[in-house]
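Okay, here we've got a single chain as structure tokens, the form predicted on its own, with questions on binding and movement later.
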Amino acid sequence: MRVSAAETVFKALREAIEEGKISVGTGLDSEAVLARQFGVSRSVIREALRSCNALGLTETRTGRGTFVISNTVARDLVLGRYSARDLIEARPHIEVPAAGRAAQRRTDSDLEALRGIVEAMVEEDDPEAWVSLDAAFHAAVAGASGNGVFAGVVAELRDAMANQSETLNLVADRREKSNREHARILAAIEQGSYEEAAHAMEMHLREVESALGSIIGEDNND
């Protein structure tokens, strides 16, 4: 499976950087060269490099390549426009009530879409496709809430959430747990219970926070 290949590449690069085998300031080999070295596709290399970037170990500079900028994991993850800390602090205030409202307001078509996403995630082996489905699930829950603000904010955070999900899959092996948590959220929305749906989403986000804390080695709460 590609996820195993990406994990192998990511762990090898992370270990080499943290142990000083690749020193700070060094430019990594090109994607094509790394792909040949590890015997994988360039898309697998890109996935591993994105997670190295998210951990603050490397930085990819347009037209120049990827460079090692630190030999220790950052105190916060870089996820594009927003950091992991930004998401941890903001998402419960948006997605928990959105899930609750979705339980109250979801339509048959909303439920059909959510079921389809959850089923597809369980069957999906391609890590990039799974991350895309993950983002689609959270967007669909927000859309089912019937609240344009919730839907708009989740859409704004979608890229950062996808980057976070990709890194958690490689570092903390979150895919199967996340699938189960999404299934519980869907079941609560189907039941029509605001309290149960909000609670299921809250528990999911707490698990995400815990996984992030294990990566950076600290509690994200100040």
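Heads up: residue numbers just count along the shown sequence, starting at 1. Note that the rigid core is defined as the largest set of C-alphas that superpose within 1.5 Å between two forms. Just so it is clear, the model here is predicted, and its values are computed rather than measured.
Here the subject shifts to the form predicted in complex with the DNA, a form of this protein not shown in this document.
In terms of contact with the DNA in the predicted bound form, the residue from R46, R158, R184, K177 that brings a heavy atom within 4.5 Å is R46. Checking Q37, Q191, S70, T60 for any heavy atom within 4.5 Å of the DNA in the predicted bound form turns up a single hit: T60. The DNA in the predicted bound form comes within 4.5 Å of a heavy atom belonging to T66. Taking non-hydrogen atoms only, E31 approaches the DNA to within 4.5 angstroms in the predicted bound form. Once both forms are fitted on their rigid core, the CA atom of S178 lies less than 2 Å apart between the shown form and the other one. Relative to the superposed core, I45 undergoes a Cα shift of 2 Å or more between the shown form and the other one. When the rigid core is held fixed, the Cα atom of G192 travels less than 2 angstroms between the shown form and the other one. Between A136 and S41, the Cα distance is greater in the predicted bound form than in this structure, by no less than 3 angstroms. Relative to the shown form, the CA atoms of A129 and A35 are pushed 3 Å or more farther apart in the predicted bound form.
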